[in-house]
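Starting off, we have a lone chain in the form predicted on its own, written out as structure tokens.
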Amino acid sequence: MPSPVKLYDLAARDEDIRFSPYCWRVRFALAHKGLPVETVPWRFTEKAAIGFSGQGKVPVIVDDGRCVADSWKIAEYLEATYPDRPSLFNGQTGHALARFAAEWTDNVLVPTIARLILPEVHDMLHPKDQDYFKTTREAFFGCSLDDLAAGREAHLAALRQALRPLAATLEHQAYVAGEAPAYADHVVAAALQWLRVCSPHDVTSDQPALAGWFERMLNAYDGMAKAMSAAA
């Protein structure tokens, strides 16, 4: 068994609560590869703790002395470094599908979820992170967290609409990648895990195929994702 991969993983006020969708992509990928992992709780204002990576965001992994940052680069690194373990992409076609899934998630799903849950994310953060989070997110979205909270119903409707192509796809196949989960599934499931951990909003129960897929992803890899506490 190889030495554990060290993953710097975004933590809430309660350091056992890990919620970053990008860190969850890496958690799923490591579990898919069957690699042991040691997570290091990290918070937004602890830039110095990952200064060795040359940048200030997680996820960051350290594997046998090698540092890799960025969830996509980490997935490609794991695939290249551990080719004898289950594949994240299953060839060039799967790699292309995963890239599309990542781009769709980054440009459509993550911003739509963010508008819905950022006020709740702010409230679960360590106090030392809250001012930084509020300032940077309000600048990015061009409105206050209070304004986002006031528009919650509209944001919830927009998220349900954004998820319709995914739900329709899953009516025809068990996973985004086809018959079994792969990195394309990890990317999308990680975004919904972010929603699940940080807020009580239900966006899957009215779409049976989507709900069934997400439940399978929560239970995958010995129930790793389901073991993380969800918002009440």
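In this text, residue numbers run from 1 along the sequence as written. In this text the structure is predicted, and so the values were computed from the model without any measurement.
Below: the form predicted together with a further copy of the same chain, not depicted.
- Only one of 122 to 130, 98 to 106, 78 to 86, 151 to 159 lies within 4.5 Å of a further copy of the same chain in the model of the complex by heavy atoms, and it is 98 to 106.
- Interface residue among 68, 177, 191, 203, judged by heavy atoms within 4.5 Å of a further copy of the same chain in the model of the complex: 177.
- Put simply, of 29, 60, 195, 184 only one has a heavy atom within 4.5 Å of a further copy of the same chain in the model of the complex, and it is 184.
- Proximity of residue 40 to a further copy of the same chain in the model of the complex falls outside the 4.5 Å heavy atom cutoff.
- a further copy of the same chain is not shown here, but in the model of the complex it comes within 4.5 Å of a heavy atom of residue 165.
- In the model of the complex, none of the heavy atoms of residue 45 sits within 4.5 Å of a heavy atom of a further copy of the same chain.
- Put simply, residue 135 is far from a further copy of the same chain in the model of the complex: not one heavy atom of it is within 4.5 Å.
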